[in-house]
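So this first bit is one chain, no partners, the form predicted alone, shown in C-alpha cells.
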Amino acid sequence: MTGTSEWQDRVGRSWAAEWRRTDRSFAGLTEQLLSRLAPFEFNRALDIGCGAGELSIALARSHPGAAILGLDVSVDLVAAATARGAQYPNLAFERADAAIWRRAGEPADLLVSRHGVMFFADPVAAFANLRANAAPGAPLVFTCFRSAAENEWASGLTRLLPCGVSAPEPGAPGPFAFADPDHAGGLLAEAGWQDIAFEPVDYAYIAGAGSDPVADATSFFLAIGPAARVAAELPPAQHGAFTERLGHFLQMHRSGDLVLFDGAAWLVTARA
C-alpha cells in the first residue's frame, strides 16, 4: 500500500530525484492524455497529484491564457515542478493534499491527473472534495493503471521478490487501486461525478535506455515502483539474488538500446 504519508516522505523524494526517468516511462501515455485534453477550452485547470509537473507544464505551454495549478503532497516533487516550470507565468504549484484542499474564488473548469489519484485513503471523500472545487459541468480527465497482470513491469517484478512478499489488496491505495473500472466508477459516482467513462489505453513503458539499458532499468526499478521498498529492506544476500533475477528479467525485454514493457492504463473521464 502506498499512501499519502509515503508520498510526503520517501516515495516523494525518490520520484523527485527520478523525474526524468519517470517522465520517460510515461511518455507514450502522456502524449495520449494531452491529445485527449486538446479539444477542451478552459480558463483554470487543476492538476491533481502533479508530481514533478510534466502535465502542468505542457498545459501551461499550450494554453498561455489559462491559469494552471498543480497540487501534490510531496514538498520535494513540488520543488522539482516549480523549478522546471519557472518560465511560465500562468503556472503555479502548491504543496497540498487534493483530498482536502479548498480555495476560495473561481473554481477549476478542468481537472486533470496523470496517475495521481490512486493514493487517496478515502477516495469517495477525496473525489467529492474535488467536485466541490470544480465549476458546474467541468470535466475530470485522468489516467490510472489497469491490472498488474496487464502491466508486466509490475507483475513480473512482484514474481521476482522472495516468497512471502504479497501484492497489495485489490482496491487498496496504490498504483492499481483503480484497476477495476466497476469499483473505480462506483467511487466516482458516489462522490457525485456524472458521465463516467473508462477507455483502455496502451503505451510503451520505457524502463531503460542508452548504451546499457538493462543497467539503467535495474537502477530505475530499485529506486521507484512497487518493488523498490521491499528490495531496499532485503538482507544483502537476498538483495543480490533479487538484483540478479531482475537483470535477467529486464534483458528479456530489451530491444536495442531500450528496455520496453507493454503499459496498460485507463483514461477516465467524468463531469461535475
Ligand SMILES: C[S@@+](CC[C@H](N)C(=O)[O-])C[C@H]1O[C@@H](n2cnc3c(N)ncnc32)[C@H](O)[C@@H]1O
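Note that residue numbering begins at 1 and tracks the sequence as displayed. Bear in mind the structure is a predicted one, so any value in this text is a computation, not a measurement.
There is also a form predicted in complex with the named molecule; it is not shown, and the following applies to it.
- This chain lacks the partner; the member of Ala184, Leu157, Ala148, Leu71 within 4.5 angstroms of the named molecule in the predicted complex by a non-hydrogen atom is Leu71.
- Distance criterion of 4.5 Å from any heavy atom to the named molecule in the predicted complex singles out Ala98 from the list Cys144, Leu110, Leu91, Ala98.
- Only one listed stretch (48-56, 35-43, 243-251, 228-236) carries heavy atoms within 4.5 Å of the named molecule in the predicted complex, and that stretch is 48-56.
- Contact annotation for Ala81: none of its heavy atoms lies within 4.5 Å of the named molecule in the predicted complex.
- Though the partner is left out of this view, Trp153 does not reach within 4.5 Å of the named molecule in the predicted complex, counting heavy atoms only.
- Remark: Arg131 does not count among the residues lining the named molecule in the predicted complex, judged by a heavy atom distance of 4.5 Å or less.
- None of the heavy atoms of Tyr205 is located within 4.5 Å of the named molecule in the predicted complex.
- Highlighted residues Leu188, Trp266 and Arg271: none comes within 4.5 Å of the named molecule in the predicted complex, counting any heavy atom.
- Contacts of stretch 114-153 with the named molecule in the predicted complex, defined by any heavy atom lying within 4.5 Å, are made by Arg114, His115, Gly116, Phe119, Phe120, listed in sequence order.
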